[in-house]
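Take a look at this single chain, the form predicted alone, given in structure tokens.
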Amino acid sequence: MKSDIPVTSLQRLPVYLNYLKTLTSDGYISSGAIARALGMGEVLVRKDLAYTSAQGRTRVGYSCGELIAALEDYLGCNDKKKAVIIGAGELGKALLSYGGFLNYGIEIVAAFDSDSAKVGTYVGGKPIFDAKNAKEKIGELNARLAVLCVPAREAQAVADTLVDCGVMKILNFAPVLLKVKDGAIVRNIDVAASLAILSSMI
């Protein structure tokens, strides 16, 4: 069950996947070699990979191709999912232009904003719609993921609207904790707070 995996392990799986994709050889690789390359513990890597369907071979390791496929399958990279961005400011526009989401089977299909100067324009080939039409448009787009790039004061109302539309997985860049009903999941990304933590370590 994917729900059984610790969040910290789940967060490391894309790291393994990205590393494996940098390798030029399609041979075998051991959990120890992965651990050394990424500065992690071998036992930790082995436990993380055990959540996937990957099967290592004693004294040989994992087939790189099979391990990549197992990680992509576990992370849902082959199951295309549509997402929208709410808030087409500088961050929202940067995310609209970013093509890396496709590596994980995620297609950003549109953005929404309340600024009439932005509505009707395109960024990275993606349309920006009027936020007032979000409920109707999100249903038409069949989006199931959303990224919030709105001011803190607007974030809760936007999250409520998204959940009402059936968008139950939200990535939140607004510096505020959101309350959502059971079944909905919010992942908060506070860049300033993360940078402050690093600053405290200097």
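Position 1 is the first residue in the sequence shown; the rest follow in order. Model, not experiment: these values are computed from the prediction.
One more form of this protein should be noted, the form predicted in complex with a further copy of the same chain, which is absent from this view; the next part is about it.
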>> Contact with a further copy of the same chain in the predicted bound form for residue 74, defined as at least one heavy atom pair within 4.5 Å: yes or no?
In response: yes
> Is residue 100 close enough to a further copy of the same chain in the predicted bound form to count, meaning some heavy atom within 4.5 Å?
Replying inline: yes
> Taking the shortest heavy atom distance, is residue 46 within 4.5 Å of a further copy of the same chain in the predicted bound form?
Replying inline: no
> Might residue 11 be said to contact a further copy of the same chain in the predicted bound form, defining contact as any heavy atom within 4.5 Å?
Replying inline: yes
> Among 177, 69, 141, 50, which has at least one heavy atom within 4.5 Å of a further copy of the same chain in the predicted bound form?
Replying inline: 177
> Where does a further copy of the same chain sit in the predicted bound form: which of 131-139, 165-173, 51-59, 24-32, heavy atoms within 4.5 Å?
Replying inline: 165-173
> Which residues in 77-100 have a heavy atom within 4.5 Å of a further copy of the same chain in the predicted bound form?
Replying inline: 81, 83, 90, 91, 94, 95, 97, 98, 100
